[in-house]
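This document starts with one chain, in the form predicted alone, laid out as structure tokens.
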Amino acid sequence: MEIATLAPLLVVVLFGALALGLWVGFALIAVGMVAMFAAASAPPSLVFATKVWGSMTVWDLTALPMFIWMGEILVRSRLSSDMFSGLAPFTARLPGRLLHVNVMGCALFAAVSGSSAATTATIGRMSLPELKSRGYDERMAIGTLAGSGTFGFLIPPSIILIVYGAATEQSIARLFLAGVVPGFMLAALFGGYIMLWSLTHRDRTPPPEPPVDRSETLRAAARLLPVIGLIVAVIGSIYLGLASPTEAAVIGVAGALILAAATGALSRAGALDSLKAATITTCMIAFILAGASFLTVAMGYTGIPRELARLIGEMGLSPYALLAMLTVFFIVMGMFLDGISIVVLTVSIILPMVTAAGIDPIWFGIFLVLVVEMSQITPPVGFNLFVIQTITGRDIFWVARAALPFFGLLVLAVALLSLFPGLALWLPGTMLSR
């Protein structure tokens, strides 16, 4: 079958399968099967069995279920609420005050959960009722949560960076290091916007609360120590070369269990629930990876990736023009697919074009994650929007409008990363070149 006919057919099969409610992993397998029967001489069943087995026996993926389990433990423990109450006194003097707790809380929780949805749900359940009861603007409170919840994709240990590293055979330790500075940059952009908004909308900001004495501030800081200690143990062990990402994930699970047990915040039933939830999430991601791996091989038989690369090559795009085109492409994809599906579905096709343009694959991983973060707050398929809709009862498009300024800040972050690639490459080049 000709490529001009086959490509539209595969797109129809993919979106048709998704529209029918088929799981993403099985939808990708269905598209791969159609491509194999239409364009390949090799037996589809043999290719499917070989490729799926190969995609599931990648050592780097062993870190995935452990980091997911660590996040599930923390969601069910008292550590998350301690983190919120511990951050509040430190924002009292900042313009916007408690609105900054959403940004700081999401940044901290992302550093121990690795999941955007878990970060949004956990911080949202704590912060939104508090902010509403104290008179903060609801639209701004929800917008800051929706935007900051995307930190779970970027700040290590990021599950999506593990998936990208496994799919592209890049160093997960380097990817984790590369995400640190852009993560801080994004948090700073969000914090700066909150301060600017509060200074220009004083009528929508509640009056200052009574000052907190030094002893209360010290007690608040003490509540943050367990979470900060867990972050240092997990991330520090990787950065100092003491543990691989997989070993660090085990350290994280052990630390989360110990802290939760020490505070009496996790029962036997809660521990079993966390293990069950982590298993379900891991299996979902595994199905997506298996389907994408098979589809990658099938697409190779069709010749579509080569033809696409040739067409883009003939356009003579500069690296900046290529990145601008990819940004628009991923934003559109994000309106229909979740972040992990976007990465595994597209990276095998796009990465050869990117490397041919002289773009570093580690840098591109951070760029891709930043762009995919936008998919979390774009309707109709925005996971953070769904989570916040569940918490607040607000219409998903109302939540999307509240998140719109933070979508714009994500676009600005992508532009800054493109203009200053050292934001992502400096730290891994410094830490891992010793």
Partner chain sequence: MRRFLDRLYDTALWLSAITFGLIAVLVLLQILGRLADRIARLMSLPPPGLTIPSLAEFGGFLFAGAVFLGLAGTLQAGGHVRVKLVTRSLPDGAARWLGVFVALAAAALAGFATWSSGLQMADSLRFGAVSYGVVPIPLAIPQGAMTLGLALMCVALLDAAATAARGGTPAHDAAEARTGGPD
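Numbering follows the first chain given and starts at 1. Remember, predicted model here, so these are calculated numbers, not experimental data. We call the rigid core whatever largest set of C-alpha positions still superposes within 1.5 Å between the two forms.
The same protein also has a form predicted in complex with its partner chain, omitted here; what follows describes it.
- No residue of the trio Glu307, Phe407 and Leu410 has any heavy atom within 4.5 Å of its partner chain in the model of the complex.
- When you look in the model of the complex, the only residue of Ile29, Ala35, Ile377, Leu368 with a non-hydrogen atom within 4.5 Å of its partner chain is Ile29.
- Residue Ile280 is the only one of Leu317, Ile280, Ala222, Ala261 with a heavy atom lying within 4.5 Å of its partner chain in the model of the complex.
- When contacts are judged by a 4.5 Å heavy atom cut-off, Ala400 does not count as touching its partner chain in the model of the complex.
- Taking non-hydrogen atoms only, Arg78 never approaches its partner chain to within 4.5 angstroms in the model of the complex.
- Residue contact check for Trp23: one or more of its heavy atoms lie within 4.5 Å of its partner chain in the model of the complex.
- When its partner chain is considered in the model of the complex, Gly135 lies well away from it, no heavy atom lying within 4.5 Å.
- Across the options 140-148, 281-289, 190-198, 97-105, residues that bring heavy atoms within 4.5 Å of its partner chain in the model of the complex belong to 281-289.
- With contact defined as any non-hydrogen atom lying within 4.5 angstroms of its partner chain in the model of the complex, the contacting residues in 225-262 are Leu240, Gly241, Leu242, Ala243, Ser244, Glu247, Val250, Ile251, Ala254, given in sequence order.
- When two forms of a protein are overlaid on their rigid core, residues whose CA moves 2 Å or more are considered shifted, and Ser237 is one of them between the shown form and the other one.
- In a rigid-core overlay of the protein, Leu417 has its C-alpha displaced by under 2 Å between the shown form and the other one.
- The two forms, fitted on the rigid core, differ between the shown form and the other one by less than 2 Å at the CA of Asp360.
- Between Ile280 and Thr120, the Cα distance is smaller in the model of the complex than in this structure, by no less than 3 angstroms.
- Annotation for the pair Phe287/Thr120: C-alpha atoms approach each other in the model of the complex, by 3 Å or more compared with this form.
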